[in-house]
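Given as structure tokens, the chain that follows is alone and in the form predicted alone.
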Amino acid sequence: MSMLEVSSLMVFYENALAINNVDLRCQKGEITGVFGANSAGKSTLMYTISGIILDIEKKERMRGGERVTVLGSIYYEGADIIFMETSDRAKKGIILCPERRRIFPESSVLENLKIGGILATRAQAKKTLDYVFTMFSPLKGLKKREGGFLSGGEQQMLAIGRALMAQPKLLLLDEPLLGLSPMMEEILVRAIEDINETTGITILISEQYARPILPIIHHGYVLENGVSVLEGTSQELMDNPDVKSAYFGI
């Protein structure tokens, strides 16, 4: 069953085409990957699914900037949400963990997590907080430390934890491995797999560094210049000679 179905999606920034006729599906309870180099359209795709693209369009229109146009359809749990407000999508369980973490640097770890859980019930918040501190044990000893004083890996743990506090049904992870050490990449990949297996949350993950992510996905897509050029299961993509050459150096 498809929780998310993107059909014939096109996104223009003025006259530049960022997403070109992309079709994508996320099956409920699975991890779906979107891979591609810089400027492939991964973040634009995440912004469009989460609804942030609508906020960008409004700001650009108000300041007389570049025109942003979105065409196509995005079906979530059977309903087309292409023009649904970002906040309403979040209430329905579509939660984005953005590229480059974007935590609140002057707020403590605990405050960041509580901000993420503002719409959760008290029971949900407590249960999720316990889970986050169990999965990301380094954060437990850093509850009072300001987010800006955390390492890059700790900030990424916090960003994912904050997204989980919002009670996602569909968790969008935009380049979670960006700028991290191989050891931290491994820790986060294991955590992403655990989130999916333990909670059943459907995950859509975009990554430039596909190599560590490919083994844990159920299905994946490769974007080039806003176009989906390849798709398949984890094994099909890893066996593909073009993917081997681009991501594994083989």
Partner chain sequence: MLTGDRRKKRLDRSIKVRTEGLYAVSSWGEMVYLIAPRFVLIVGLFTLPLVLDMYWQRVLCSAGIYALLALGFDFLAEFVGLVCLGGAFFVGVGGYISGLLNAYYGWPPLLSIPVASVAGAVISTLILLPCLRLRGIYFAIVSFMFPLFAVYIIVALGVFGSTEGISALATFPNIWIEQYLILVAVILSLFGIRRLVSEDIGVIFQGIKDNDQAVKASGINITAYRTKAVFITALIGCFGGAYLSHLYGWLGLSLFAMDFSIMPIAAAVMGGMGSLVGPVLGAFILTPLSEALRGFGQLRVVLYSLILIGFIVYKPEGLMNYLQRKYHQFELWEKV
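Residue numbers count along the first chain shown, from 1. Remember, predicted model here, so these are calculated numbers, not experimental data.
The following text describes the form predicted together with its partner chain, which does not appear among the structures shown.
Site test, 103, 146 and 149 vs its partner chain in the model of the complex, non-hydrogen atom cutoff 4.5 Å: Checked in the model of the complex: no contact with its partner chain for any of the three.
Per-stretch contact check against its partner chain in the model of the complex, the hit in 193-201, 65-73, 212-220, 180-188 (non-hydrogen atom, 4.5 angstroms): Looking at the partner contacts, the answer comes out as 65-73.
Partner proximity in the model of the complex: residue 14 to its partner chain, non-hydrogen atom cutoff 4.5 Å: Although its partner chain is absent here, residue 14 would touch it in the model of the complex, with heavy atoms inside 4.5 Å.
Touches its partner chain in the model of the complex: residue 10 (any heavy atom, 4.5 Å): Because a heavy atom of residue 10 falls inside 4.5 Å of its partner chain in the model of the complex, the answer is yes.
Distance check, residue 52 to its partner chain in the model of the complex, heavy atom within 4.5 Å: Contact check for residue 52: no, nothing within 4.5 Å of its partner chain in the model of the complex.
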